[in-house]
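One chain comes next, on its own, written as structure tokens: the form predicted alone.
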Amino acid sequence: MNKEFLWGGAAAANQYEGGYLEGGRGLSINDVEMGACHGKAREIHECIHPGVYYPSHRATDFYHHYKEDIALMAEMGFRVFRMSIAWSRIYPNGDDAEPNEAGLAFYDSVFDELLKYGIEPMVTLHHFELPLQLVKKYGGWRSRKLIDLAVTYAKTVFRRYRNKVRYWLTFNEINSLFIAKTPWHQAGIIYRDDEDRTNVMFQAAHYQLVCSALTVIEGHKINPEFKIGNMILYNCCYAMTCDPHDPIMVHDKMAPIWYFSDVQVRGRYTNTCLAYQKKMNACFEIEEGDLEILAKGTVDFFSFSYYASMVEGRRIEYSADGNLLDGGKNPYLETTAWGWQIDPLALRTSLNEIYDRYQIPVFISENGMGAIDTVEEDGIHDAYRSEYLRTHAKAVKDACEIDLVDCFGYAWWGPVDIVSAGTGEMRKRYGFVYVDMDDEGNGTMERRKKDSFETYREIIDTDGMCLENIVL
């Protein structure tokens, strides 16, 4: 590993940015979600209810703290910061005739601040932040109309930031559309009683895949130097036993992952995709010209989130949840407080699986550990996070140096504490920087370094040389 490797972090506007009605921003789908902590069920409202706490409204207030936060990232030595643009900050309703200049100017300021410290921005265009008005007006990604609107939005920011942003991602965890309990976050869809859910899901997936391809095509027209990637939710899956049925079950478990990445990287619905469509009895419309668009709009690199591994097979007795994908509990692994299995070697395995399959550069766009942190008088001692970071960074180092995987960067999820996407709570913390805010949104927003801050600084400063003695 060398000085070209992009060590850094990642966050999403809906969990981090805040300022939900400032600077002309419109409402996004996450703005009507209340938190699920303290035993409450997560609720989605049709509008903002007075007196209800909506975690995304303030999030952890990057909107007002971005200079302070970026300075902390620079102190750790970040070379990349993956962030998202809130579509509704650029087009408040999603289909406005003209973009919101105040929103464009805000991101100009953020990119300028990053570049001042030599931090490369990597921008996700769609990170669970669909303008709410597009749900009310068109039904979310049920409608093909969203393709044109999303491409217009993409072209606007491509042109605006063509000299400031080089790396782009189209849809965050696009395959979560097939895995999540509801497609609200990914597609702004709440199923109706009178519709075939499978067909709606596959139709929305097709529209997003066409949109992703068109985004790549238009981006390369605007700046041929752009590097535009996908972003896949990836959990390494092992066969539970040597029962010959178990590898087939693993194959089936991975189908919702390969379905999207095959199209985005290979430019077509492969046999894996067609078999999955057949298995699910999916029926959806493909318009003339769509397949040509998919073939032309393939991504430049493969990015993915990795948090935990899973097992699959006929003899699974216990389940373990991890970032939407669930599977059997692995008796060889420890778990986090949220039941996510800690498996750094699976990150190395994942890098090999992905690179062997596609042979294009790979970027780890999310990896991290959610934990409850305790503030002591003498600091925040999160040795558990430092251990997780060291072992996973070592796995990346081994994949690059031993296996010769072309991996060009690693982004820790939530380097400054953010609200949880799944529950809206704060106690599930990822950051190297503590933010003084509780599950109800109370707190000063003061930033404080945790012990893991120095751990990551050392890893970046030595380009992983400090990890040499770690044996996985």
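So that there is no doubt, residue numbering starts at 1 and follows the sequence shown. What you see is a predicted model, and the numbers here were worked out from it, not measured in a lab.
Note that the form predicted together with 6-O-phosphono-beta-D-galactopyranose (BGP) isn't included here; everything after this is about it.
Participant: Tell me, which of E366, E129, D382, D343 has a heavy atom within 4.5 angstroms of 6-O-phosphono-beta-D-galactopyranose (BGP) in the predicted bound form?
Facilitator: By the 4.5 Å heavy-atom cutoff, the listed residue in contact is E366.
Participant: Indicate whether 6-O-phosphono-beta-D-galactopyranose (BGP) has at least one heavy atom within 4.5 Å of a heavy atom of Y153 in the predicted bound form.
Facilitator: So Y153 does not count as contacting 6-O-phosphono-beta-D-galactopyranose (BGP).
Participant: Is there a non-hydrogen atom of F158 within 4.5 angstroms of a non-hydrogen atom of 6-O-phosphono-beta-D-galactopyranose (BGP) in the predicted bound form?
Facilitator: Contact with 6-O-phosphono-beta-D-galactopyranose (BGP), no.
Participant: Residue-level contact is defined here as any heavy atom of the residue lying within 4.5 Å of 6-O-phosphono-beta-D-galactopyranose (BGP) in the predicted bound form; does C407 satisfy this criterion?
Facilitator: So C407 does not count as contacting 6-O-phosphono-beta-D-galactopyranose (BGP).
Participant: I'd like to know if A411 sits close to 6-O-phosphono-beta-D-galactopyranose (BGP) in the predicted bound form, meaning any non-hydrogen atom pair within 4.5 angstroms.
Facilitator: A411: no contact with 6-O-phosphono-beta-D-galactopyranose (BGP) in the predicted bound form.
Participant: Based on heavy atom distances of 4.5 Å or less, which listed stretch (166 to 174, 102 to 110, 253 to 261, 287 to 295) is in contact with 6-O-phosphono-beta-D-galactopyranose (BGP) in the predicted bound form?
Facilitator: After filtering at 4.5 Å, what remains is 166 to 174.
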